[in-house]
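A single chain, nothing else alongside it, follows as structure tokens in the form predicted alone.
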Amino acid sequence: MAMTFKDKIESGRFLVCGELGPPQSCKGAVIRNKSEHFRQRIDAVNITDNQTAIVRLSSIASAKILMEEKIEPIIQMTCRDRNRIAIQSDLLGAAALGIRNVLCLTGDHQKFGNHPESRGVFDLDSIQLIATVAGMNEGRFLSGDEIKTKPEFCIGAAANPFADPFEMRLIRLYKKITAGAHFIQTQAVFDLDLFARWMDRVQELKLSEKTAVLAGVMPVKSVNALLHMQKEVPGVRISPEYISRMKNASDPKEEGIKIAVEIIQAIRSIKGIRGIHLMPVMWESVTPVIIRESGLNRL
């Protein structure tokens, strides 16, 4: 019987996760086509949940398609669009379909998307969502009522080592782990010095002994992508070296791949890191190249 993602976490192996953005349509074939970039190369694939507050094919439906393609999915569940009733209902539905992994997120604010007039729900925050899923695993709804057939989710959470205030990031990480997070996926690393400093504190607090920390790595195609993140995405820190390299590159895509590989190799030497979370935003086809070049092959 094949190891599940949770089995792999518990085994202590170095993990490699990918990320897939569903289409802005109901064309399931898009998911099937993208699955070819991940098969036998990664341990699990995140499926974003209406990322950047733009309507996309459901993360749960996309996960079911991935499972049919023999790839283990991690659904994302955001607090932006659902109250606690809808969240728990969707989680039951996901469990009934055999989906075992969920990444608990607050969600990008709706003002950043193409429906800025929509109402955000935010009935729960990400820490409360983690606790809710952990409670469901134990056989109870948030109301306290019993779940007759309980799910068995592997629970994930996000962490941003680069946002201020620095110590508050560690407090939030502690709360997420205490609430029940089995694994942590970080914001994309573009400042290795600050990330290493954050991991030093994670080690000092012994948090990496209680959860699997996966470092985010995002390959980019252009200097404009870096500048956009630096300006528009809260808590992103980008080393000036990477901006300069992308700006002066004769082939920005190739340089973006090179930078991603270098970051992966540097991250692997940081004590306490349990894996890589590769986030090629709408550029899933680059995944096999980066995995091969960085020596993370699963084949």
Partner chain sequence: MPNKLVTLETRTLTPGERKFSRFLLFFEDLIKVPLFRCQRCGECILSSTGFTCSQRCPKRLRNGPCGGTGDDGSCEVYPDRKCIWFLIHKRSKWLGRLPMLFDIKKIHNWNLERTSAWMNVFWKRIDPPILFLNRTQKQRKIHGNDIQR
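Residue numbers count along the first chain shown, from 1. Values in this document were obtained by computation on a predicted structure and should not be read as measured data.
Below: the form predicted in complex with its partner chain, not depicted.
**Student:** Give a yes/no on whether residue 131 approaches its partner chain to within 4.5 Å in the model of the complex, heavy atoms considered.
**Tutor:** Result yes; residue 131 sits at the interface with its partner chain in the model of the complex.
**Student:** Please determine whether residue 182 contacts its partner chain in the model of the complex, using a 4.5 Å cut-off between heavy atoms.
**Tutor:** No.
**Student:** Within a 4.5 Å heavy atom cut-off, is residue 149 in contact with its partner chain in the model of the complex?
**Tutor:** Result no; residue 149 lies far from its partner chain in the model of the complex.
**Student:** Verify the contact flag for residue 210: yes if a non-hydrogen atom of it lies within 4.5 Å of a non-hydrogen atom of its partner chain in the model of the complex, no if not.
**Tutor:** No.
**Student:** Quick one: in the model of the complex, does every one of 206, 243 and 273 get a heavy atom within 4.5 Å of its partner chain?
**Tutor:** No: no residue has a heavy atom within 4.5 Å of the partner.
**Student:** Using a 4.5 Å heavy atom cut-off, which residue among 118, 160, 137, 222 comes into contact with its partner chain in the model of the complex?
**Tutor:** Residue within 4.5 Å of the partner: 160.
**Student:** Would you mind picking out the stretch of 89 to 97, 67 to 75, 164 to 172, 210 to 218 that comes within 4.5 angstroms of its partner chain in the model of the complex, counting non-hydrogen atoms?
**Tutor:** One stretch meets the cut-off, namely 164 to 172.
**Student:** Does anything in 97 to 125 come within 4.5 Å of its partner chain in the model of the complex by heavy atoms, and if so which residues, in order?
**Tutor:** Heavy-atom contacts to its partner chain in the model of the complex: 106, 107, 108, 109, 111, 112, 122, 123, 124, 125.
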